[in-house]
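Just one chain follows, in the form predicted alone, and it is written as structure tokens.
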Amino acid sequence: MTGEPRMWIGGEWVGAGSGKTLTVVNPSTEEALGGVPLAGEADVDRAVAAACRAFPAWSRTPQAERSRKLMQFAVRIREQADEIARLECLEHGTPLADAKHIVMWAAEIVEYTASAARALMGSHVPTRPGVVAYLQRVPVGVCALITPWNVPFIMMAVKLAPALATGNTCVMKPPSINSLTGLAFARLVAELDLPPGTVNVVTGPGSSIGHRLASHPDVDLVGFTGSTETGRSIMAAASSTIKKLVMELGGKNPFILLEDADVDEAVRVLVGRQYNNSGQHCSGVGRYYVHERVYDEFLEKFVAASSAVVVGDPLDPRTTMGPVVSAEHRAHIERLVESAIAEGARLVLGGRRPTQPPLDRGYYVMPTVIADVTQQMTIAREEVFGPVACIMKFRDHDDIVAMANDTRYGLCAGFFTRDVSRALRLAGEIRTGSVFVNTHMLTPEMPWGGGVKQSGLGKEGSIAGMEEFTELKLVCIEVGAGQ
């Protein structure tokens, strides 16, 4: 594919109807990487119409064949892993080693989904003699998949694989600032020989084409990952046609170190998670609650480990943390850091924009640790989504669950303690969709997502995530009691 930037619609590479393009910028250098089509509502309508036409054929395709196509897709991802990883470095600022892991993780998600889809069963419903009744999983229809910018390639795989595996057709809108990665994803899809229109990829801003997808009368489901504020807008737009929604939204995730925690292990796990992808993870730690008995030890060791993070060019193998994704997001992070200092927190590490070359260009935020944060500070309430650790001290066990639950979000939480029975009790009292004890990990077999408070609706990953892309149909047949 050469020349004018193209989108994948109806089995063809096409330009935007407007003829306009959107420039994609390298966050490490602030230089333009290239252009992508600037789609409008007419392009969305064309893509949705193509998905509608493809739905009968794809939904009737045997499950074994759908799974086989997804396995082919995973193979193509692995074959192109180096090229895709390099694009992740350039377009997103992901360090090279992490970018390769991201691509291979996406392939693993697709492989798992292809295999697990063949085990997605209905069930028999007991009634009375002479009647056969059963529940059947059927595809929802046309799915609009609106993916986020923080781990773009993984999130496209997380949404597309279960939608396709269960017989749906799709219109995908990648994030504007990662649209080159989105079109690279589309090129791999184009090689699968699917019915034309089974998968369509359109590029452009969420405020226009994302809204059109959410409100489109022929879209049956919207899968979205992003901010709670945007999620509200999608819910409002989707309400006119009562669409099914699967949404993973914001989080301000509490991680609690009890007085018997293994501090060294906690630091190892949490520092790795805090600065991976420049802290741009929905599952990242939003609030560290550290018992007063281990507070000073944890803070000292956490700062020492944070100071060892190597910030630099994502293509440099020595780099362990790159820039954040955009100038706007860097400004958001800096605003919250400044608010914490103004409200009385103590800046222990970082908090200043680098000024020495080559980090004086690009959207770099240095590893930052803020201590003595209190519950009502702005930075303790709002999602930072960056390389900023907000550390709080607690004393009373009776209050810690209430403090952790004191948020509009409920995505995940964690505990570090040697007392597993206490961890199990506390896990039952925390109002979140996931709880991690002495670890912080996810696998394709684990369901993930919102469903608690304002952190979203439904699950992604695992069999539970696939079920979100289906409807449960009851079939009841009078066959006669027989003789």
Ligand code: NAD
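Note that the structure is predicted; figures quoted are calculated from it, not measured. Quick note: we count residues from 1 along the sequence shown, nothing fancier.
What follows is about the form predicted in complex with the named molecule, which we do not show.
Taking the partner from elsewhere, Lys173 is found to have a heavy atom lying within 4.5 Å of the named molecule in the model of the complex. Remark: Asp98 does not count among the residues lining the named molecule in the model of the complex, judged by a heavy atom distance of 4.5 Å or less. Contact check for Cys89: every heavy atom lies farther than 4.5 Å from the named molecule in the model of the complex.
At a distance threshold of 4.5 angstroms between non-hydrogen atoms, Pro148 is in contact with the named molecule in the model of the complex.
Here is the short version: of Gly250, Pro367, Pro314, Gly286, the single residue with a heavy atom within 4.5 Å of the named molecule in the model of the complex is Gly250. Residue in contact with the named molecule in the model of the complex (any heavy atom within 4.5 Å), chosen from Thr225, Thr166, Thr169, Gln274: Thr225. Of the candidate stretches 199-207, 353-361, 372-380, 134-142, only 199-207 contains residues with a heavy atom within 4.5 Å of the named molecule in the model of the complex.
With respect to the named molecule in the model of the complex, the three residues Ser67, Met156 and Phe469 uniformly fall beyond 4.5 angstroms at the level of their nearest heavy atom. Applying a 4.5 Å heavy atom cutoff to the named molecule in the model of the complex picks out Cys282 as the lone residue from 270-290.
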